[in-house]
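For reference, the chain that follows is the form predicted on its own, supplied as structure tokens.
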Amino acid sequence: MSYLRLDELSKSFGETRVLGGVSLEVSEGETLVLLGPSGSGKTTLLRMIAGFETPDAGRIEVAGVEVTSLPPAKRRFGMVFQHYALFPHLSVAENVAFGLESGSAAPEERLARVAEVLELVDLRGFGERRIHQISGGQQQRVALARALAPRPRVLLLDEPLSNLDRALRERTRREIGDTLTRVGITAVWVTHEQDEAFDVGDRVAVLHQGSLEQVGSPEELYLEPATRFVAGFVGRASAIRGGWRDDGRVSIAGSESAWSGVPGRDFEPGTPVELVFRPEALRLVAVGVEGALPVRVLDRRYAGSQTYFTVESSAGDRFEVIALSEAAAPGDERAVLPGSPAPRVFGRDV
């Protein structure tokens, strides 16, 4: 049963539609990540959940109670901002305690709660330090502790790691993800980084131009993209043009090959389509192998554990294949066959 429910939320600023009829459900204790490119509407959606923006239409419910018209302070949600919003003149403990000042708890209870949440985020013993005395990752954990201190019903995180360098970002997201799991809090996390979304999200909701494209586990989004946008946005994707046949296969453009794929919907025979692959799902083979698509190797990029080959078909489709580094060299003639996971089939404009 859903704990946080968004029903047909819409929002426009002037003539610009930012969100159109977005519906989502988040289970209690689940971390849902809103993933999408800049301008997809994910931050606006988060701000509506928090109460900082009012939807033009739709409703928001928590534990079966509508909160759409409640101001932020009445919702009892915690918020972790992109820029931390910590007070540099206060100590770590004083920053964490700030969210408890308006409550009715006695001073000793507040001190105990501060110590408890600092322990939760692995900052025990840091209470007396000033903000400038701790690292960026530790500052983000202070912001998390401050948001958790009042025991919010839902935790909202808006691009919480965008100010950290790559190595620190990876370490901090695992630390925060582990903390959310230990606390068991319901959380909505906004990011445009796929690795981050896959690392921390129990499920991921992909937004594009104000619409919800797909919601699912990281595995579902990667292996079973529901739309062409999700297939291209999540992970690396290779596309080959073709036409849908009446036997449920795809005739590959510029060749006599016909491959099977998983269609996103039914197509009429002759419909122009794209076969969309993950690079690891294509195999480089010798020219002449039955059913294989002849290609020319354009480029070879060694990336340590994997080697990426850029190849081109006679129809001009360029795409990536992952293979052993010695499988080919630029200029070689080879062929490709589909493997696993199976390609997805999407309609295309002629």
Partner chain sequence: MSERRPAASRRVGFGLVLLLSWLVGYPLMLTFLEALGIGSGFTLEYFAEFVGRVDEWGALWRSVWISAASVVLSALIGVPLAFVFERSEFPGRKVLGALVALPVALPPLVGVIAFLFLYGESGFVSRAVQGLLGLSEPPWRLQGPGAILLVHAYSMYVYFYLFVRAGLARLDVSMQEAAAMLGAGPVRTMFKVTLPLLRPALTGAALLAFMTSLASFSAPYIFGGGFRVMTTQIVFSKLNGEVAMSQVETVVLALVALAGLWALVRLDRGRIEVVGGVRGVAPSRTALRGRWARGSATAVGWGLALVLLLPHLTLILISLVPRATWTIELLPPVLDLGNYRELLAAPERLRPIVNSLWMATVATLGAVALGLAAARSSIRSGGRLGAALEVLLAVPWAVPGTVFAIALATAFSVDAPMAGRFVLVGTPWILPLAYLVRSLPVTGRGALAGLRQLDSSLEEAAASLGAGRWRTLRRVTVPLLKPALAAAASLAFITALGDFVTSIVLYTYDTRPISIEILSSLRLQDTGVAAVYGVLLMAVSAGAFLLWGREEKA
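Being a predicted model, the structure only gives us computed values, none of them experimental. Positions refer to the first chain, counted from 1. What we label the rigid core is the largest C-alpha set whose atoms superpose within 1.5 Å from one form to the other.
Omitted from view is the form predicted in complex with its partner chain, to which the following refers.
Contact annotation for Gly99: at least one heavy atom lies within 4.5 Å of its partner chain in the predicted complex. In the predicted complex, its partner chain sits beyond 4.5 Å of every heavy atom of Pro107. In the predicted complex, at least one heavy atom of Ser69 sits within 4.5 Å of a heavy atom of its partner chain. Although the partner is absent from this view, Leu90 contacts its partner chain in the predicted complex, with a non-hydrogen atom inside 4.5 angstroms. At a distance of at most 4.5 angstroms from its partner chain in the predicted complex, all three residues Glu53, Ala73 and Phe77 contribute at least one non-hydrogen atom. With its partner chain omitted here, the record of contacts in the predicted complex names 53-61 of 53-61, 282-290, 30-38, 298-306, defined by a heavy atom within 4.5 Å. Distance criterion of 4.5 Å from any heavy atom to its partner chain in the predicted complex singles out Ala85 from the list Ala85, Val262, Ala258, Leu168. For the candidate set Gly210, Pro150, Gly243, Gly177, a heavy atom within 4.5 Å of its partner chain in the predicted complex is found for exactly one residue, namely Pro150.
In the core-superposed comparison between the shown form and the other one, the C-alpha atom of Leu90 has shifted by at least 2 angstroms.
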